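We begin with a single chain expressed as structure tokens, specifically the form predicted alone.
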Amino acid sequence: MRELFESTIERLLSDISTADYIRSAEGGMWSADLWRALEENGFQLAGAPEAIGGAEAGWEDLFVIVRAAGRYAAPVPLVEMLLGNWLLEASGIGARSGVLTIAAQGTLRWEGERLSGDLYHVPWGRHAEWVVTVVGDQVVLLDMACADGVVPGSNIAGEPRDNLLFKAAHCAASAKLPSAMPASVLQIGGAMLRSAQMAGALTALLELTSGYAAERKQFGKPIASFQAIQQQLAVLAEQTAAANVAAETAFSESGDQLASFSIAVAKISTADAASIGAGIGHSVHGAIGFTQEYSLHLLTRRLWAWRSEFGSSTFWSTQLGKYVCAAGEQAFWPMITHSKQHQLPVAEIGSV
């Protein structure tokens, strides 16, 4: 299943999610034809039960879809929908088709059987039909038709990150969080998604930068033949490989419960790799790397944006450091060698 997912999504996104297409999406266009192509191939419901058209894929198989979405900077909420439907299924509400996104931060509160408050930085909120969030110990599905307002916003990559306003809204469905699942589940899951997207973007960045260094000549020789450039490309390749391994480990160790310890490690590793990789990419490209027409910035602006979303490297390092210090020196080696056995308690960045 994983090989089929990878070959199909890579081909589909390379055909449609081109540099010009991404630039149009950053201008505010909804990527309707890309979304339709993804629906026709069943990617939005890849983790959902077969009874509703899904493939019942686990996180290990879904990794290649999320990484490809990052590699081709897919301008749609595909990865958010995978996580939202996973939580809806786990809570017994059931996955949804249409355009679904998630909200990990906000001030939403119960007023009797209705909900009031704001949801912050919702990916593609203005285009969504459904939004999944957690209020107290409840998983909540909201119909966007019930929203009283949408305040448009965006990250530095031009991807929509909107604030949604609700006043005494009826929720479409709600259910108690599954046992042992924390209220910060969307924060943890979002960090896992962004780690895989950054791994994909770094892979594309390495290919673009290596190709440019092999073609660009100075003093009659490709700049890739100079030792200083070779050293930078080696560091970029090293960071890209480390990011891919960390992100894939987080996905492979997640199942009914998200592997929060490994996810924290992945988000820290990929965020740090994003900072180093973006710097090397622009350094090797020189002045051309800063032009609007060249596609390098489509990758580096996303790396800079995604490294901060769902918790920065500092946030996750603090969570991980507190846990490791509290566990003591005797637990340090088992944590490294058996990370799956450890569930990291994660504080919520915002109250939802």
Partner chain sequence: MSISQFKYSVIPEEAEALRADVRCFLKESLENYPAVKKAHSWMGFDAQFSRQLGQKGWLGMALPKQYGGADASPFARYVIIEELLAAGAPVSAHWIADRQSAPLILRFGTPAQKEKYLPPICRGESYFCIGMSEPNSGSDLASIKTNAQRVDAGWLLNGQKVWTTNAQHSHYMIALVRTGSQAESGRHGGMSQFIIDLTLPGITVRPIADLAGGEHFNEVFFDNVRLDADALIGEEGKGWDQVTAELAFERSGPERFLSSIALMHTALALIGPRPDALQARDIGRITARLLTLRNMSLAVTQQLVDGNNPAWAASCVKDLGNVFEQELPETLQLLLEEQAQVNGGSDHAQVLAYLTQMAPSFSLRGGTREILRGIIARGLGLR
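Positions refer to the first chain, counted from 1. Given the structure is predicted, the values throughout are model-derived calculations rather than measurements.
Only in words, not in the display: the form predicted together with the partner chain, which the text now covers.
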Check all three, S91, T107 and A180, heavy atom within 4.5 Å of the partner chain in the predicted bound form = no
Since the chain is shown here on its own, which stretch among 23-31, 297-305, 310-318, 46-54 would lie within 4.5 Å of the partner chain in the predicted bound form, judged by heavy atoms?
-> 310-318
In the predicted bound form, the residue from C171, V150, L208, A242 with a non-hydrogen atom within 4.5 Å of the partner chain is A242
Which of these residues, W130, F261, W86, Y72, gets a heavy atom within 4.5 Å of the partner chain in the predicted bound form?
-> F261
Applying a 4.5 Å heavy atom distance criterion, does D137 contact the partner chain in the predicted bound form?
-> no
4.5 Å heavy atom contact, H338 to the partner chain in the predicted bound form = yes
Closest heavy atom of K322 to the partner chain in the predicted bound form, within 4.5 Å or not?
-> yes
Hey, in the predicted bound form, is Q218 touching the partner chain, heavy atoms inside 4.5 Å?
-> no
Partner contacts in the predicted bound form for 226-259 (non-hydrogen atom within 4.5 angstroms of the partner chain) = Q230, Q231, L233, A234, V235, A237, E238, Q239, T240, A241, A242, N244, V245, A246, E248, T249, S252, E253
